[in-house]
Ligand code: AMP
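Quick heads-up: it's one chain on its own, the form predicted on its own, in structure tokens.
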Amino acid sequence: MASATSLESLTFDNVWSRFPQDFFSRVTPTPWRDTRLLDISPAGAARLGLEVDDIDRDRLTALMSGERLLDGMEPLAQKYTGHQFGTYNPALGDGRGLLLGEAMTPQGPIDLHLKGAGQTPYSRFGDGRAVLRSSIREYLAGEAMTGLKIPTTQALAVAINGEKVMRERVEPGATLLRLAESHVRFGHFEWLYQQQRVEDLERLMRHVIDRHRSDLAQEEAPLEALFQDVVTRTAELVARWQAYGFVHAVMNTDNMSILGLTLDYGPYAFMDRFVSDLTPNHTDASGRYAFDQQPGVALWNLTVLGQSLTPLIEVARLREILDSYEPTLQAAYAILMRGRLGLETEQEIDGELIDEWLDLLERSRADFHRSFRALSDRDVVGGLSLAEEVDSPALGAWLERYHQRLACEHRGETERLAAMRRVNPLYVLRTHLAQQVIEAAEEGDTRPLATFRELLSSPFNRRPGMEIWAEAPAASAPPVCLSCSS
């Protein structure tokens, strides 16, 4: 397939519009006044086979304002259900976003999804709008996760419009043009299972295989192979979340991607000081979706998905596949954490060493990311000092065990430290930095947004003069506390 040369040259094959009519509702985006483009992601453009310079900003603005679609688009709101905080909700669906079309690219199909597109039949008394604050946070999250090599949806662009939206306060409205291989969620399968629509359940599974996992079609039992693929990818995704201190904060089943992507960024947070039970969502009073609960919640969600597939796959086989989740997650997590500590080989002591390191960070209230980076920079480089980051008498004893473990490695110190700096980020999407970007954008200054986006897309490489973007929040700063409108 030839690469597109502009937005207008994108071609669409909108498979979802050919599903049964109750899979979706056809909705035209609501036009918003005075829409202004804030930033375009080079990485997002590349996913469509484009360069930023290829994109007509006026045409993109018209698309994101809801005023003018691209030829071949068929906008629709998808129907699904899901478990929200453990309770099944049958009334879910795209309430403020529309699947505009499924673009065909050399890398495969990419959904173009406009968030903040207006009300749909699934808005549930909502206004169908998005605010600038949440839109910038999701835009930056896609860049940060891509930079960290964590599977994710991503945005092509973010825009502000001239109409105000009421949330906790009156704030600017915005739209986000999100890109994803697919927006199929666990909740799509729950909906069909609850409706006892076995034929449509199988149709949806085979759609995912044909469209996104064609290699599984050659398996002896393709449907089982797809469920195994979902379990494996979800385990590996959560392992990366845990290794990089990311808290999704709203792991409802309708926010879980069938392709193992990080989906639907709300009150998420990356760690500052390491707190194992960090819960940044102030509405999650029980801590159901706390950082240390994420691995277990993901398994619970997969179990719900497995139940939805019982009309098609034997229960014993579903249980066998689910049993692979824990060892897959543990193996993936161990590899990632060994890499962050500069350990190339595998030794029996590694799990204990990793746990002791994290316990040390938590007890000393150390900054999660700066501590790893200081360990990578060996004492002091560019203002990072391990002794200052981890202010604890126990640090010396841990370092002694760590250096004994390093004696088992074959790489030299220079090579090892360079490898560690390639996996321990210097620039992290911290909540207080995102807030600074948001406040600047509200005042009309988009330069911080572009700068932070660029740093997050390449988070491991030190950039002269960018020290402010590697700063942790002040020690006196209150804990992160966000709402679902974030």
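Numbering starts at 1 and follows the sequence shown. Every value quoted in this text rests on a predicted model; they were computed, and no experiment measured them.
Omitted from view is the form predicted together with ligand AMP, to which the following refers.
A.B. asks: Whether E102 contacts ligand AMP in the model of the complex should be assessed with a 4.5 Å heavy atom distance threshold; does it?
C.D. replies: Flag for E102 set to no.
A.B. asks: Is A159 close enough to touch ligand AMP in the model of the complex, meaning at least one heavy atom pair within 4.5 Å?
C.D. replies: A159: no contact with ligand AMP in the model of the complex.
A.B. asks: Any of the heavy atoms of R167 lying within 4.5 Å of ligand AMP in the model of the complex?
C.D. replies: Looking in the model of the complex, residue contacts with ligand AMP include R167, since a heavy atom lies within 4.5 Å.
A.B. asks: At 4.5 Å between heavy atoms, is D94 in contact with ligand AMP in the model of the complex?
C.D. replies: Answer yes; at least one heavy atom of D94 falls within 4.5 Å of ligand AMP in the model of the complex.
A.B. asks: From the candidate stretches 221-229, 353-361, 140-148, 86-94, select the single one in contact with ligand AMP in the model of the complex, where contact means a heavy atom within 4.5 Å.
C.D. replies: In the other structure, the partner sits against 86-94.
A.B. asks: With ligand AMP left out of view, choose which of E314, E320, D127, D277 has a non-hydrogen atom within 4.5 angstroms of it in the model of the complex.
C.D. replies: Only one option qualifies, and that one is D127.
A.B. asks: Identify, from the list Y244, F291, Y268, Y80, the residue with a heavy atom within 4.5 Å of ligand AMP in the model of the complex.
C.D. replies: By the 4.5 Å heavy-atom cutoff, the listed residue in contact is Y80.
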